[in-house]
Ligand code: RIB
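Next up: a single chain in structure tokens, the form predicted alone.
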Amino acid sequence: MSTSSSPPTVVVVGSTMIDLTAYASRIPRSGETLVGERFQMGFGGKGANQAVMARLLGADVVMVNCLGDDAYGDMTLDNFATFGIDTTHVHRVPGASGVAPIWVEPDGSNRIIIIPGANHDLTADQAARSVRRTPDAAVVVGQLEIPQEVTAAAFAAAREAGAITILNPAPAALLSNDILELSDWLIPNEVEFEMLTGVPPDSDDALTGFASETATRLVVTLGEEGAALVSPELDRVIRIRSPRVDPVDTTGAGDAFVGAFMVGLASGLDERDAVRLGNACAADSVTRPGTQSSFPPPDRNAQFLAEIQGSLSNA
């Protein structure tokens, strides 16, 4: 499929967080105090991360969210402005914005606790209205850091407008029938897939069984192994390897994948090439510390797109 010449519009209905990241030689045991190596404060939240990645790929991005009336909320709006993300549908409420304490070990692995704060104050009516007021949206994406009924309302509005809906079921939780019926795509990582199904994504039968059960197209991200793709047009699972890199910090890699994948679909790439774009952006992001700050810049993203489009023209 040829790609669009004009930037696609995507709507991200999801969370914002301030990431409070500690880097240490190891994770402390229960009751232990450990001296860390360094600390970094940055901008995160799965929704915000995916919005930033999409914007760095050139998409027009509309963010739908709720922030507190604290300094973190002010900082988050300023950060969105630096990227040129539309915050018309970002609401403010009294109280605290979301935060995410993160611990990172030397091999790049991480542990995260999210405290949603104002993220849970976004209403279903606000989410649906925001999507309806963005009639040119090609894709609407959501996660599970805001209530499922809010995301479902946004997806229902997206279906009315003919937009693709993508659910990143993270953090993993039992999915409501409503949100499943309204999701075109599910994109869990391997840990989330196992939490949702009770089995690891090692076998093709496990992947195709889950896609059939949920009646969705499915991509499972597999860390350094890339991603596994299932869709109704494919009779088999396609495992697409990721570029080999030396990881520094894996925080936000899954969000880099989702943000890039949705821009790929919105731009007209077929699903396999959208996965390749997601893999490239995610792999590049883990070579630097931080979350949004680790995402590849526009010139690097343009290179990834050109390589994929070049392979299409030479096919």
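What you see is a predicted model, and the numbers here were worked out from it, not measured in a lab. Residues carry their position along the shown sequence, with the first being 1.
Only in words, not in the display: the form predicted in complex with alpha-D-ribofuranose (RIB), which the text now covers.
Just one listed stretch, out of 65-73, 260-268, 39-47, 275-283, contacts alpha-D-ribofuranose (RIB) in the model of the complex at the 4.5 Å heavy atom level, and that stretch is 39-47. Contact check for V13: no non-hydrogen atom falls within 4.5 Å of alpha-D-ribofuranose (RIB) in the model of the complex. Mapping the unseen interface onto this chain, I112 counts among the residues with a heavy atom inside 4.5 Å of alpha-D-ribofuranose (RIB) in the model of the complex.
For I102, a non-hydrogen atom is located within 4.5 Å of alpha-D-ribofuranose (RIB) in the model of the complex, even though that partner is not displayed.
With contact defined as any non-hydrogen atom lying within 4.5 angstroms of alpha-D-ribofuranose (RIB) in the model of the complex, T291 is the only contacting residue in 285-307.
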